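Just one chain is shown here, as structure tokens, and it is the form predicted alone.
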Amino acid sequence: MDRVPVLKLGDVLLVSIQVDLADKTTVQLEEDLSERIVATGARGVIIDISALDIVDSFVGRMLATIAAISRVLDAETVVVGMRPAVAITLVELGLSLHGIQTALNVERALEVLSRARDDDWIPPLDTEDDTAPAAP
């Protein structure tokens, strides 16, 4: 059985799909990716589909499932490398890929994930009482 490699880039995991996805390969990818998100504390997942010539409803559902699993584990998903023909096919199939962001390439995906982290940033709680007078 083919396995899809999951590479770590800082706090982002990169999945580059280079093989045709069969049911077993997809289930294995979902398991591998979810385990790596938890093990590494990844905040983002980039899925590179540039090697796929055809994306059917099965692959569309797989991408949506991976995005949903990642979100539950506190990681955002960005799909990159979508060819124009693939985008047209997804639209024609009525697969809007809810919850999945897209970017043209990995560099732009990293920017998208960085902006998402900046938007979610919450300042740390100050342990000192700001209303207390300063020490002399």
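Computed from a predicted model, the values in this text were never measured in an experiment. Numbers follow the displayed sequence, beginning with 1.
The same protein also exists as the form predicted together with another copy of the chain; that form is not shown, yet it is the one meant from here on.
_Considering non-hydrogen atoms and a 4.5 Å limit, does another copy of the chain approach A39 in the predicted complex?_
No.
*asked:* Using a 4.5 angstroms cut-off on non-hydrogen atoms, would L9 count as touching another copy of the chain in the predicted complex?
replied: Yes - in the predicted complex, heavy atoms of L9 and another copy of the chain come within 4.5 Å of each other.
*Proximity of D74 to another copy of the chain in the predicted complex, heavy atoms at 4.5 Å*: Looking in the predicted complex, residue contacts with another copy of the chain do not include D74, since no heavy atom lies within 4.5 Å.
*Given that the partner is absent here, does S34 sit within 4.5 Å of another copy of the chain in the predicted complex, heavy atoms only?*
Looking in the predicted complex, residue contacts with another copy of the chain do not include S34, since no heavy atom lies within 4.5 Å.
_Q28, D56 and I66 - do all three of these have some heavy atom no more than 4.5 Å from another copy of the chain in the predicted complex?_
Spot residues vs another copy of the chain: no contact at all.
*Even though the chain is shown alone, can you say which residues of 4-19 have a heavy atom within 4.5 Å of another copy of the chain in the predicted complex?*
The stretch touches the partner through V4, P5, L7, K8, L9, G10, L14, S16, Q18, V19.
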